[in-house]
Structures are given as structure tokens and as C-alpha cells.
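In the block that follows, a single chain appears as C-alpha cells, in the form predicted on its own.
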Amino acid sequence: MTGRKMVTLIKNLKIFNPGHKIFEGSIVLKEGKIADIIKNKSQKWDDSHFEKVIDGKGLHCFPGFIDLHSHLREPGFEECETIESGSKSAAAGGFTTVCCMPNTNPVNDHPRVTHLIQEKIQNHAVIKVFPIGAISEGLEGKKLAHIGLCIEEGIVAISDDGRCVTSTAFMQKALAYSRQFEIPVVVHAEDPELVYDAGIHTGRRASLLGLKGSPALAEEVIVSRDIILAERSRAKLHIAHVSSWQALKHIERAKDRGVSVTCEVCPHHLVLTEKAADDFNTLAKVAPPLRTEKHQIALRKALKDGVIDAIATDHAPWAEKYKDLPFQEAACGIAGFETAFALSYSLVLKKVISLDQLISKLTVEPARIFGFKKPEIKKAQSADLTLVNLSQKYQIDSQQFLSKSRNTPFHGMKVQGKIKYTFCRGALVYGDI
């Protein structure tokens, strides 16, 4: 080791790449990349050689987390979130890459809007942010958006998320068109003609509240339809926020047939059931809704068995005025970045999934689905790192969120697994110091 100064030394870490054994070591960051990784037993560091030194004793170091599904609200709903506040919130959740949905105002259906979003990302985001473009103009499901031109501006997938594409003919057209660009089509699988009251599962609980709700059938029929269309067109289909066991069966069978279909699950569907919406709790109002324990058990099993490919937050921040309304009028969504890891890690503690599976679902698998470079803690790689104290217990406090919004049903919940530091391109973008 020479006397030349390096940017950052992070020492005494437990370093973990999915699929590999954990080892104790130190990482040197320089010019945005991992300059060196040394096992602790093979070398002792002189801290004076470095501009910044972080002692990572007791911390696990993972590749930076990737979120395929978030809403950053800008442009149009800046009172709820901005690209700057959302990216800071994501960093606090351990995410170094997020993809933002197009249901902004204006909708990201035109290259001018994509360009505007990219400018805001360049100027204000503290992590890597990739926009997802709309399938249809205005999310109306009638005319294809300017997909090719939006791809030139940097969109990584297309989706009308927040709305379901109801026309089978139009969805067939969109899937066929997407194939020439080899980008995924991300679907919100919830047939609006079968949804009577959004945000709550059809069943006894909904009836007690005087609501008809949204049945699992609304999800199942769209998943089944879009799988058939994707199989015929050989397009890449990604099912967002899967929530029903029936839909999972269709996805599993399609994968067995070799259909190019992937899916994600949200932490809230893994840890909560419809009970959370009791007393008209709008903080637990999401689309698709929280369902019964039977569905939750199936989701957990599918995550373990590999039917579910990734964990995604569906971070959906809303200002209080959008949630403090009668249940049927309130917006659907949870601010999910800053609770995602601890909620998901609870499944490791309960031995539902392994730590390796969890980290893979947050890193390697999302990268594979959207065609990003495989995230690894490896020399010469981009220094996108998440440092976590897996043993630290704490209570979720929504008032401490870096998001502009506080809409979460998890406020006050006791959890374990605290994000301590997040590095993106070698820069410290979050530090719980």
C-alpha cells in the first residue's frame, strides 16, 4: 500500500454477494468504483492513507438494492414527492437504483416528458433513477405512446401502471410492438370491470365495512390474458405487485412452458393481510389490495420457490390530504422505500426465505429482469453498496422518513435490520450516523 490518498476506506465489513459465501474484508472506493477488496486477515490498513474512513464493524455489505417499481410523482405531484426527495428516501432504504412509473402529470408518454424527467434526475437525484414510459398516450389504453422516441431518451420499460390495459387487442399490439425494442411490458393486472371498490379485498371484511372490494379474480383474468398474449408475441412480460395465489399459478405454469414472464411482490403484501384495512384504515389501502392469509402464504412460498422473481416497493407517496378521506375516495398506495428492507428481512428471521434469496430478490434478479448490469461487490465495479446492521432492532417512525409523504401502515411497528450507509457511484448518499 502506497502513501497515495484514496477516497474512502470501509473496513471490518461482512461482504456478501448473492450466491457466494460471506467473508470479512475491507473495501476501498475511488473515483466512483471499487478500487480494492481485501480480506481482513491478509492486510492491515493505515487509516492515514485515506480521505474518509468508515468502520463497518458489525455491518453486512450488500450490492446496492434495485427497485423496479416506484412513483416519484414529479412532474405534477411535487407536494407528495419529487425526484430529489424520492431518491433520498430510496437511499435511506438502501436502494441505489430505482425505476419510476409514468403516471405523472403530464404522463411520461412523449420524449419531451422523458427528457424533462431525465434533466431532473441529472440535476437532483442522489442515486440512479431510470424512467419507465407509458404504454399508451395519457394512460388511456387507446393509442400507443411514443415508445421508440422515449426509449431514445432513456426509458427502460413501458407500463400504464395505476391503470390496467383493458383492451385485449390493444395489449396484443403493445406487446408485439415492444418486442422489436426488447424491453419489458409491466402490467397492472386488475380488471377495472371486476373492481367494485378499489383498495380492499372482496370478502367478509369488505362486507362488514359495507364495501364490495376488489376480488382476486380481477387480477387472475388479466394475468392469464397477458400471459397468453406474451406467449404468442414472444414479448417480455413483467407482472407488477402480484397479490393472488391464482395469478401465481398462471405465472408458474407459463414459466414451465418457457414464456418470458417475470413478476414482483411488494413487502406490504408479504407481511400484511386484509385485517390492516379494518376501521377504514386508508393507510392500508393499496391496489391490488391486501388479501387474505391464504394469498399471503402462497406469496411467501412462491418467493421461496423462485416463482416470484423480485421484491419491489411500489413506493407510492401521498400527501395527507389524499389519504385523510373516506375509504372509497382515498388514494391507493404506501410510501415504501424506507421500510422495505426490514419488512422483507422479517421473512429471513422467520426462516421463510434465506438471506441469500432476499438479497438476490433485491439486486441480481431485478437487474436481470430490466437488463441492467449484474450488481456485484467486485473490483472495478461501480461502487453501489448498501451497509446494514442485521441485528439492530428499532421502531418504524414515519416522522423520520426522508420522503415528503408519511403514508404508511407500519408506523410504530418494531422491526429488525437497519440500513446504516448507502453508497452510489462511490458517494455516500445516506448515512445513519
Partner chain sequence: MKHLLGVKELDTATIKSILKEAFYFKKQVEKKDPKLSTLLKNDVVANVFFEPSTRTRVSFEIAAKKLGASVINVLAESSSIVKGETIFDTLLNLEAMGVDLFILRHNQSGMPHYLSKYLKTPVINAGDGSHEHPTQALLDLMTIVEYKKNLKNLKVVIVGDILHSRVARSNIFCLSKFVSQVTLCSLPTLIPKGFSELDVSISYNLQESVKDADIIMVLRLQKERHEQNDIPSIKEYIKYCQLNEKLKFPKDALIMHPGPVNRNVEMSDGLYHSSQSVVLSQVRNGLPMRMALISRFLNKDHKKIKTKKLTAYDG
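All values reported here derive from a predicted model rather than from experimental measurement. Positions refer to the first chain, counted from 1.
Although not depicted, the form predicted in complex with the partner chain is the subject of the following passage.
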As a check of understanding, the residue in G154, P75, G203, G138 with any heavy atom within 4.5 Å of the partner chain in the predicted bound form should be identified as G203
As a check of understanding, the residue in K249, H124, K212, K143 with any heavy atom within 4.5 Å of the partner chain in the predicted bound form should be identified as K212
Looking at 342-350, 183-191, 81-89, 324-332, which one sits within 4.5 Å of the partner chain in the predicted bound form if you count heavy atoms only? 324-332
Counting only non-hydrogen atoms and a 4.5 angstroms cut-off, does A169 reach the partner chain in the predicted bound form? no
Touches the partner chain in the predicted bound form: Y177 (any heavy atom, 4.5 Å): no
